[in-house]
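Read the single chain below, which is given as structure tokens and is the form predicted on its own.
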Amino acid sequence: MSQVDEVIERIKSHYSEVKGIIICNYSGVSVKSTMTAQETTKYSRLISALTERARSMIREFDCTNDLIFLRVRTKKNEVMIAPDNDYLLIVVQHLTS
């Protein structure tokens, strides 16, 4: 099992509300996903664009700063984004009441 697979399994086993995990590049091309192809494509494309905009905004305020983590909460889900140099880790989870 690769290191990526181990991380995905660890996240899924510790958090039962996780709907899916995606690893993609900044162009929105997924490398690994636990979601359907349609969901993966949609999340990868939209989240990579959102992350780039958020990173640009942070650097606009302070060019020595950078985006470390981004969390987006909706009525139904929470999307957590951990950007790296080349890839994004996207975790989508159902909200529990």
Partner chain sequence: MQSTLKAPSGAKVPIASSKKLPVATGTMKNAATGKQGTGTTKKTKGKFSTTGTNQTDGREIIIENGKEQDVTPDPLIFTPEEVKQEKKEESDKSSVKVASNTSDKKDEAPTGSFSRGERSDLVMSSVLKSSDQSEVYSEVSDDTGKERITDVPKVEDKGIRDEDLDKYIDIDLKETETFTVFWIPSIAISAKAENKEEFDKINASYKNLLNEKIGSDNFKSRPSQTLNLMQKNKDVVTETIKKHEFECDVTNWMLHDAFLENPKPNHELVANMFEQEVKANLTDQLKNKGTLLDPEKSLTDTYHSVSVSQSQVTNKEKETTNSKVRSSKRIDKSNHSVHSNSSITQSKHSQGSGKQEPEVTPFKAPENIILPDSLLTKFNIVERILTQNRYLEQQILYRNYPTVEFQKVVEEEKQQEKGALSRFAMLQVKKESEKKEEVKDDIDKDSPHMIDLFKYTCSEVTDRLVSCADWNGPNPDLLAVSYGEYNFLAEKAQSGKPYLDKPGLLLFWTLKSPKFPERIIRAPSGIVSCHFSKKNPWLIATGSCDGVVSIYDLRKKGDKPAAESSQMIEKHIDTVWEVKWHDQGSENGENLISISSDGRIVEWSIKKGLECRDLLNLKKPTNPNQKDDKEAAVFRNSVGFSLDFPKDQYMLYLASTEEGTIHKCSLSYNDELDTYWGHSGPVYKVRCSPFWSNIMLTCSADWTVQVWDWRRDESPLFACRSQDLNDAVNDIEWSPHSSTIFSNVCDDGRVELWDLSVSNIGPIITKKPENRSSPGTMVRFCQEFPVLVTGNSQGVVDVYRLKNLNQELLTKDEHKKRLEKAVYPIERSGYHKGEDEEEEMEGIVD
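Keep in mind it's a predicted model, so treat the numbers as computed, not measured. Numbering follows the first chain given and starts at 1.
Omitted from view is the form predicted in complex with its partner chain, to which the following refers.
Its partner chain in the predicted bound form comes within 4.5 Å of no heavy atom belonging to Leu50.
Leu46 falls outside the set of residues with a heavy atom inside 4.5 Å of its partner chain in the predicted bound form. Interface membership of Ser16, defined by any non-hydrogen atom within 4.5 Å of its partner chain in the predicted bound form, is confirmed. Its partner chain is not drawn, but in the predicted bound form it has a heavy atom within 4.5 Å of Arg73.
Contact annotation for 68 to 89: residues with any non-hydrogen atom within 4.5 angstroms of its partner chain in the predicted bound form are Ile68, Phe69, Arg71, Arg73, Glu78, Met80, Ala82, Pro83, Asp84, Asn85, Asp86, Tyr87, Leu89, listed in sequence order.
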